[in-house]
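One chain follows as structure tokens, the form predicted alone.
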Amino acid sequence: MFTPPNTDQLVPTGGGDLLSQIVSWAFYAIFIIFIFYGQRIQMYIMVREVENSLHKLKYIKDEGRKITIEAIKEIGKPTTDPSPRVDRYLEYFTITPQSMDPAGIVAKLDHLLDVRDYRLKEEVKLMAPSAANDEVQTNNLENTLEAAMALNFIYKVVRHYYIQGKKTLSLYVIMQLQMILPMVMKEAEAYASALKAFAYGQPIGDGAGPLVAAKLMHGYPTRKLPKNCIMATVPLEGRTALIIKAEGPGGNVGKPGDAVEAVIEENEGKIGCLIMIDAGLKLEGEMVGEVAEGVGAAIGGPGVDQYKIEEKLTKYRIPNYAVIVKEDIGDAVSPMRKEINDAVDKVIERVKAVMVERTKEGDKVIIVGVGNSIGVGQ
């Protein structure tokens, strides 16, 4: 018997069904591709992001070099093109002392830093002969070159890991580089904004400590202390304040460790307390210019000055207090922000409060304004 065909099966497939099938097959194809090549695709995307940041870093580094050369030509009036010497300076390196003898490493590092500082200053004087007899201009140009050197170093390190990751096709090298790049770029941009401040002697965020000291010693005679520091003796809150800062207004941090050692020994250890004022690194969410206080030697750097201060304080059992102005790395090396300048008076009030609460009338108190004195005079 003849059976008529099922007319439902003869209805042509709609356009919507065909489209959904294509989408399904495309999804399956992409899924399979990502199973086998997903990691490599991800790496190419990361490489592209790192490449873009590297181009930006190169531009910042080249601009830093250009600004530095222009500053040397304008201030130092060289008779020949300083570019070759600047390029040589940017590649300058320092080898840290052997640490297998921990008992003697501080003295070795101290000597090495002295040699480095002397060598770099001599290089600046050769590049900028008109500034050779002006200590302020020499220090400012040295700081400018140091900022350009930091930018050059950052660029070369990022480039090294970028090429290494690309050569080896290592996802993890590229991934780690991409993860830290936002912070690296932030630091590079901070140094870039600092270049003109250093070249033309503008105060920077790191000068908060010296600015406090300068305000306290204003109008009082000063005398020189070891390693580019000065001191003024100021009557304050019924005590005698021995106020120390790096010599300004040139770009200079001095050696507060040597200065504090000298003052403590001069007074045979009869010091009520030591108060140190410095810029402190803020955490995200904290306001720039916040003031906080604590205990300990508030000083950064390689640790030589901190070691010297702590040794002397321990020998004479002198209490040590610290007041800091909070800022981030960008604020520290950039031209001083209004919030940091406004914090100076708050710091002075905190210092006076610590003196009244922690010492007796007639005591001698050492106050140290730690930081770069660029643009901050006596």
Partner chain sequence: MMKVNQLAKHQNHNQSSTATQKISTYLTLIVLIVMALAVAALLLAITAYATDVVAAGVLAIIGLIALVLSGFMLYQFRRQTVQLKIEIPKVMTTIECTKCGGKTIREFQRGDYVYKELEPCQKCPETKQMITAIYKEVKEKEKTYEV
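On a predicted model such as this, the values are computed, not experimentally measured, just so you know. Residue numbers count along the first chain shown, from 1.
From this point on, the text means the form predicted in complex with the partner chain, which you will not see here.
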{"item": "Stretch in contact, per heavy atom within 4.5 angstroms of the partner chain in the predicted complex, of 111 to 119, 199 to 207, 261 to 269, 296 to 304", "value": "199 to 207"}
{"item": "Complete contact of Glu63, Ala214 and Asn341 with the partner chain in the predicted complex (any heavy atom, 4.5 Å)", "value": "yes"}
{"item": "Option touching the partner chain, based on a heavy atom within 4.5 Å in the predicted complex, out of Lys56, Lys352, Lys315, Lys346", "value": "Lys56"}
{"item": "Leu181, Met149, Ala192, Leu274 - the one with a heavy atom within 4.5 Å of the partner chain in the predicted complex", "value": "Ala192"}
{"item": "Heavy atom of Tyr162 within 4.5 Å of the partner chain in the predicted complex", "value": "yes"}
{"item": "Met336: touches the partner chain in the predicted complex, heavy atom cutoff 4.5 angstroms", "value": "yes"}
{"item": "Contact label in the predicted complex: Lys125 to the partner chain, heavy atom within 4.5 Å", "value": "no"}
{"item": "Contact test in the predicted complex: Glu51 vs the partner chain, heavy atoms, 4.5 Å", "value": "yes"}
{"item": "Residues of stretch 351 to 377 in contact with the partner chain in the predicted complex (4.5 Å, non-hydrogen atom)", "value": "Gly375, Val376, Gly377"}
